[in-house]
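Okay, here we've got a single chain as structure tokens, the form predicted on its own, with questions on binding and movement later.
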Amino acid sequence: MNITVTLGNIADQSASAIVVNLFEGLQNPAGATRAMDAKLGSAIRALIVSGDFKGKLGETAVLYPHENALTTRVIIVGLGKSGEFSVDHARQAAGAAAAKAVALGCRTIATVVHGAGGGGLEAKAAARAVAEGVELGAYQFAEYKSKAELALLESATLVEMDEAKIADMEAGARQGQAVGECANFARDLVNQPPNVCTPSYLAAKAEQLAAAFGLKSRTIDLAEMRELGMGALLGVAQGSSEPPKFIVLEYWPGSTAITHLAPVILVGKGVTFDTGGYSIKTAADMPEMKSDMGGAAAVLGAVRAAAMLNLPTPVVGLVPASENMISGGSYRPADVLTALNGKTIEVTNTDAEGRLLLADALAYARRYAPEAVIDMATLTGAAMIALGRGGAAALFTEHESLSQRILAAGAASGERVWPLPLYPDYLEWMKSDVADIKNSAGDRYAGTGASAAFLKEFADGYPWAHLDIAPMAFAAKGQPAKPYGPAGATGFGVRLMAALLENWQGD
């Protein structure tokens, strides 16, 4: 999408739709909305008086001018209560308006910069939020629809009357668009069908990112995994005809040469399809399991964002990628696997496969002497039960400073996380009679905390945090907490990590 900033009056813009806003409870439009209302003969005011538009956050209404405007539609979007307004509300309003424009078949929009006037936001932050929201809200995935009636939003113009704000808004819009594009890149990966998005496909995408953005990429194949001793990953992969891949994607600021700075490492679970193995899932649950590589997609998108934003912090993405299938060669309950760090794992549940992939990746991360390691994984249904689908991702860490960084990034990005405890009891539940540890506690109520305790055994020698993104990575149709744009992949984690990494050196 082409996103630009222009100096001018919103009422004088020419586009398929013009977007203005309104705070909840406001009876008389102000600022640019008032100017648009005057152009429309008080039609916006009449809409408010009728009670048909309240101004609630994300609420939209459409008016159709006849003579005095250079547009066929005016979209009014609610900003919510003025006392609660924030950067994230600006982002959500922009996303809601863009989604409405797409639904109406609009190719172009001109929009006010929500919050840059009466909302009290800095110009750069407001423009960034609007550009990011527009990218997210306009997202569509129709690659496989042979007769798709697809109306893509091709351009968005951010309109500002104060010339002194233009330069800051242009800089903010570039940043917001970059982060939005990277989140949508991750959404595309997750939305791909599993016969397309295989471990090899993810590895090829990493190579493409490296070529396009000056990154370093390499893929560890099956033979090298055996040499290294990645027995946990190999155990999961052995039932599939698709070979596993261990993807390494590195961003080094300034060049692709190693710098003196220790990197932040992001680890993403890359199960490109999860049948559950012999601990098989139900038929109703299985189609959505193409999204079990949501962590991997988020990691690739976040490294892409680090490069696009030219961040000063080096970032390394590690993606252990595999299918979890059923065949005569599949791993079984009661098998014992040996991970990269030498720990033995009793398999008590083949549907607890993601933590096995992460175990080898977390052990591998140590060789970088990283400043911190954060893993993201669609790991447990228990996290969804605890926090609600679309509620928040679960955060586990024993490093308070890292926890505070991630929570602050969640607040800044609008991608919510909620801290949960890592009690010593959880590790007790993971004790095995025949190996160092087992991969499942066997108690559905212990799923989230026990899985984090398992991972902690492989995250040794560095500050570490685990994010269970299962509640957030994939949105079902009709779920109460709605993401930007249509149901399906959300790209959760990309914007969170971008916000975290942008402020890393400043903390």
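Quick note: we count residues from 1 along the sequence shown, nothing fancier. Computed from a prediction, not measured in an experiment: that's the story for all the values here.
What follows is about the form predicted in complex with a small molecule, which we do not show.
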{"query": "Joint contact, K281, D292 and L379 to the small molecule in the predicted bound form, by non-hydrogen atom at 4.5 Å", "finding": "yes"}
{"query": "Answer option from D335, D188, D436, D351, heavy atom within 4.5 Å of the small molecule in the predicted bound form", "finding": "D351"}
{"query": "Among the candidates R405, R355, K245, H89, the residue which, in the predicted bound form, approaches the small molecule to within 4.5 Å (heavy atoms)", "finding": "R355"}
{"query": "Partner-facing stretch of 165-173, 234-242, 198-206, 343-351, counted where any non-hydrogen atom is within 4.5 angstroms of the small molecule in the predicted bound form", "finding": "343-351"}
{"query": "Distance check, E288 to the small molecule in the predicted bound form, heavy atom within 4.5 Å", "finding": "yes"}
{"query": "Exercise: E415 in contact with the small molecule in the predicted bound form, heavy atom 4.5 Å", "finding": "no"}
{"query": "4.5 Å heavy atom contact, A470 to the small molecule in the predicted bound form", "finding": "yes"}
{"query": "Proximity of L104 to the small molecule in the predicted bound form, heavy atoms at 4.5 Å", "finding": "no"}
